[in-house]
Each structure stands twice: as C-alpha cells, then as structure tokens.
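Starting off, we have a lone chain in the form predicted on its own, written out as structure tokens.
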Amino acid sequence: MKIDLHTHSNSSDGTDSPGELVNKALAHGIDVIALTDHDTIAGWDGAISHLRSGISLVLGSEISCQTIDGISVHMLGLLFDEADENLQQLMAQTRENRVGRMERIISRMNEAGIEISMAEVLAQLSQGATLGRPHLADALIAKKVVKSREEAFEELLHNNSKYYIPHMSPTPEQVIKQIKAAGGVAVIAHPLASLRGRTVSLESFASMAAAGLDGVEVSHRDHTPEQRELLQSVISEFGLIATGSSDYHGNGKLNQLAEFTTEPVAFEALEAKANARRVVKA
C-alpha cells in the first residue's frame, strides 16, 4: 500500500493542478495521497472532483511557522475541519505575510542588480494560489536569470542567501494547537532538512510534543540516513508517529511522487487521532 502524505499543486507552489496531481498519483499506484498546499485549502475541491476508485484523498495544508529564535518550520495539518474559522484566519494571515516578504526579497535582488518585479512574480501564480519563492524562481527562469527552480534555489533563494527574508509567522506550538482545535493532526515536515537553512533543535521537540504534535516526517529526500536515525530517537522519546512523504511539487524539483511513503500502520494511527473520519474516497 502506497501512502504519500505531503504534496503540492498549483494552488500554492506546485506545477500540477489538483486534478492532475490526483491523476498522476493514481497512475503511480498510490493508494492514499495528501494534498498539502502552503497555507491554503484552495485546491481541495479540485482534487475531490477528480477522485476515482482506487485512490483516497487526505486533505490538509502545510502551514508556515517560525520559532521564537527565527527558524522557519513547516507544519503539516491533516484531516482538519475546513469550517474551523480560527485555523482559516491563521492561514489567511500567513498568506498575507508572504506578500510583504516577497516584496522585500525582490527589493534586495534589485539592489544587487537582478532585475525582477513583483508583477513578473505574480504573473507566475495560478488563480488564487499561495505566493512562494518557487514563483520568484519561475519569474527568474522566464527572465533567463536561471535555468530551473533547482538552480534558482541553489544559487539565489536558499535560506542562507543574502536575499533571504523570513516571513512573520505563528510559532509551531501555536499552529499545532490550532490544528488540533480544528480536529486535525499535526506532523512537522522535514525538520532536519539542513539544505533549507537552520533547522530546529532536537530539544525543541519537547514543547511541540507538549502542544500536541502527532507525527514527524522522517523519510524525506532532504534527510540523511543519520538525520532519520536521530528523528527516530525523537519519535521514541515523545511517543510520536513517523511518516514518509515525497513533498512533490511537479516540474522543476527532483522530488517524485511516492519516493518516500508512510507505513499503513502509521497512517492508521494518525487517522485515529483526528476527531472525525475525513479521508475522502470516490
């Protein structure tokens, strides 16, 4: 059984529509796919409308967080109630914060002689999509500054770049509590992915676990075998659930659907922690 609990569509910074994502997942023999666009649920209806026999859909979002010492964290909220107004308001605020952040990144690039405008970046977004650095990468590709998203992030847009600007976001603990209050489950995404910049300390898992953290994305392209082993020790210490996911974005990133997956027993344990059965089937 193939279970991939972290993917993106063009409702945020992926390149496939939600429907295309579901179709590709079905073609890859995936049994359970999660749609987790950044700070939005805009793609949910499109994904649901393309469901067919043979695949189930976990609806969620990858919510932007920031620790009190400024480290960026992404929290997967899965199986929550879409009608929860407090969680929707939190995601709306993080989306708004992304716009100001992008303007500041562009300003830094302009000062360094890289000619790119906010209008050119916004032209890369699908209708209603959540703004992110991959859209800036696409604008840079269109201007022939770089050749691919991978090159853009390696050379210009990584977290240690001089152009990098963190965006104001709630703390991981605040987001976990909001996800739980909305009846969902909270899984921290790629917590030790050092290629993305500074990572959370192992000690910080204590406060996240106390806030209600349910799981840790252990198996991920950006985690080394040693990092996965470290995360397994965290899981054992705090009684958390280990997941594996592709973090698929479509074209321009190496991540492939189901290159890492979640064990069925782990998914069953996660689903049991939601306050209602919300996996969608055709």
Ligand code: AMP
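All residue numbers are counted from 1 along the displayed sequence. Worth saying up front: this structure is predicted, and the values here are computed from it rather than measured.
If you look for the form predicted together with ligand AMP, you will not find it shown, but the lines that follow are about it.
Segments offered: 208 to 216, 85 to 93, 130 to 138, 114 to 122. Contacting ligand AMP in the predicted complex at heavy atom distances within 4.5 Å is 130 to 138.
Although the partner is absent here, Glu150 sits close enough that one of its heavy atoms falls within 4.5 Å of ligand AMP in the predicted complex.
Using a 4.5 angstroms threshold between heavy atoms, Gly252 counts as touching ligand AMP in the predicted complex. Remark: Arg101 counts among the residues lining ligand AMP in the predicted complex, judged by a heavy atom distance of 4.5 Å or less.
Contact annotation for His38: at least one heavy atom lies within 4.5 Å of ligand AMP in the predicted complex.
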